[in-house]
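One chain follows as structure tokens, the form predicted alone.
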């Protein structure tokens, strides 16, 4: 069966797990990754919720699983054509591939915080993003984070927001915010930490435990209300205005650090690839799947499959589960019986 080549576009967790499962099924996967390393957004994260397991541990496992799988890094796809159910793919370095199927695992981009000008990102020095805070946890090197005494987290930045045309929930922001809030309290135990949220959406095994831990063990203060304005006072401290919607009262507060919980958007890198494959977006701007219930790994283009956050915001466990099911969909598409039965 290994003469059947499958191109896995994207080398993040979805792509690596899909390739590993395809190989286990006796197929011949090739990972095509546009950057110079595998790992995607996972490689930029420090710890994972809900267990605080090091992200590096999962990444190392995925890297070990795929060590014998062919990979092309720094790979720019210049064209994809289909002829008699065979895909012909060309890379900018002159390498060509023929494949029986393609699996899109192009992942997500974080919403660009500067689009929400009212939060002051890029204007005020002490406004940072969740990704930048996660980088600090990995490196402990960020001059903006200097013994803060009062820290705020703003949920749903670029999600559930009609003004930026992202009306969907990014699914992981609430849990990530509370995880990071606990971690920054570990770093600065004397700091007061506030989370400003619309609704706390803590679904999934262990997620509610993060919320309880944040309140009980770290005294994280959760405020149901949306921050509407950020400015800076003469002392260089941030001044935020918000409304506590539970109490129905306006709030004004000074902060040393404000962390914006930027949501997920489909990776812009997939746009050109979608055009080559004649695959459209859904109403949320992610890759459209064939069916909401029984076709989550299928597209409307025969032989093109999807896995992970390129189709909607997903947690890591969901992403890895989708990668496994995508591999089976490819296996079945090629007409084989499951050799494990």
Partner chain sequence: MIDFGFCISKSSHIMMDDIDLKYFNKLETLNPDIKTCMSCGLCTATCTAGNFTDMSFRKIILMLQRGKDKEAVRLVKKCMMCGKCMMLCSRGINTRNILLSITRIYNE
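Numbering follows the first chain given and starts at 1. If you're wondering where the values come from, they're calculated on a predicted model, not measured in any experiment.
Omitted from view is the form predicted together with the partner chain, to which the following refers.
The stretch that touches the partner chain in the predicted complex, counting heavy atoms within 4.5 Å, is 245 to 253, out of 245 to 253, 80 to 88, 98 to 106, 168 to 176. Taking non-hydrogen atoms only, residue 128 never approaches the partner chain to within 4.5 angstroms in the predicted complex. In the predicted complex, no heavy atom of residue 114 sits within 4.5 Å of the partner chain.
Using a 4.5 Å cutoff between non-hydrogen atoms, residue 150 counts as a contact of the partner chain in the predicted complex.
Within this chain, residue 271 is remote from the site of the partner chain in the predicted complex, having no heavy atom within 4.5 Å. Shown without its partner, this chain lists 219, 190, 143, 199 as candidates; in the predicted complex, only 219 has a non-hydrogen atom within 4.5 angstroms of the partner chain. Here is the short version: of 184, 223, 110, 75, the single residue with a heavy atom within 4.5 Å of the partner chain in the predicted complex is 223.
Annotation: in the predicted complex, residues 51, 53 and 57 none come within 4.5 Å of the partner chain through any heavy atom. Annotation for 196 to 216: interface residues with the partner chain in the predicted complex are 208, 211, 212, 215, 216 [heavy atom within 4.5 Å].
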